[in-house]
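Heads up, the chain below is alone and in the form predicted alone; it's given as structure tokens.
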């Protein structure tokens, strides 16, 4: 199996269970960093060489891989994954389903979006979590209070709110960046509102202007200079284990502002078409062990913060346990609600490129003073040319 962190750790942890089913068959897990992994898998599919029997795919790459034609359609026999569809959280299964009803991968974990906030900093500002959540206007207003009271920034980067707002109000037949006819959606209200709010936050100096996973970003989380984070629920595990364990008890979790339901990340498991039938049989067995076995799903949740895709795990006692890092909050209940309310957006082979184009457009607005209308229009034209090739 070829994978990336922490899907690799989840796969290795499942090997003892695999050996009980197939004692004579060994599992080798080849791991690379996430970008290197997907580059290697694209090359392997294109050249039909060094193909793994099972490959992990992160959701942001799913559109590109699904259109390549190199993955097995799991909707067809002998896999017939449609029979298991009711067992998966709906949006994850839908994300792996193409317009022609092919299912190119099995979901293995999801990333329900959450708002993480510093409870102590919010109290110091005389505000409540409801103030942060009620509306985006209130979100900014609370940010001004926080800055005055503690000097902390409301968000790490103004682009964080864009990533939420462009996921709000996506129609069922659309993707984030393209509609069902491959036409870019960059000049629609979702992007205009996101860019406008980001510009307001930047103008009021409410963002730390640091990039996610940068040293400054990590330091800002540790020293209380960043008051809120919008990310997947899995971030809490990183914060607790290595990112900011010294802030234990100071953070809380909530739903995203205006009860926006959004996903951050998620993993899928796929089978290359060009492996032998005998390998496919066992590869499918391993995919089922990782994706459809409740015990393995809960084990991955506990060890790697990989939120389960199986809805029959959602009433396990672990969901009701307090989380010490969040001051004893039973936050997994919130994340369960989010996971069940998220709706799938159509993936597109140019999603990754479109994200880069939108980020560049936002940079021009925030750093170069370009108008929002002109910047979005330029991004729209660029993507129109890209898909019109």
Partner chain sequence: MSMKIPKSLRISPAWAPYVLLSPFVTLFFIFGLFPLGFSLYLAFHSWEPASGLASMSFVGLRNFEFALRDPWFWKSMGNTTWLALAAGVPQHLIAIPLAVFIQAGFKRFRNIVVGVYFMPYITSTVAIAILFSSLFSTDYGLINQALHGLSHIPVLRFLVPVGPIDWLGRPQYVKPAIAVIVFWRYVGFNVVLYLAALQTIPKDLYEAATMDGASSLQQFWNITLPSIRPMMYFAVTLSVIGGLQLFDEAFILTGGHGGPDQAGLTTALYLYREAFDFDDFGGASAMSWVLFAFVALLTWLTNIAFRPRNRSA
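Only a predicted model underlies this, so the values are computations on that prediction, with no experimental measurement involved. Numbering follows the first chain given and starts at 1.
Beyond what is shown, the protein has a form predicted together with the partner chain; the following relates to that form.
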Exactly one listed stretch (350-358, 336-344, 323-331, 22-30) reaches within 4.5 angstroms of the partner chain in the predicted bound form by non-hydrogen atoms, and it is 350-358
*asked:* Contact with the partner chain in the predicted bound form for residue 100, defined as at least one heavy atom pair within 4.5 Å: yes or no?
replied: no
### Query
residue 363: heavy atom within 4.5 Å of the partner chain in the predicted bound form?
yes
Would you please decide whether residue 279 lies within 4.5 angstroms of the partner chain in the predicted bound form, comparing each non-hydrogen atom pair?
no
With heavy atoms only and a cut-off of 4.5 Å, decide whether residue 216 touches the partner chain in the predicted bound form. yes
Quiz item: Should the three residues 16, 260 and 288 be counted as contacting the partner chain in the predicted bound form, with contact defined as a heavy atom within 4.5 Å for each?
Solution: no
Of 85, 302, 315, 211, the only residue with a heavy atom within 4.5 Å of the partner chain in the predicted bound form is 211
Across 253-275, the residues having a non-hydrogen atom within 4.5 Å of the partner chain in the predicted bound form turn out to be none
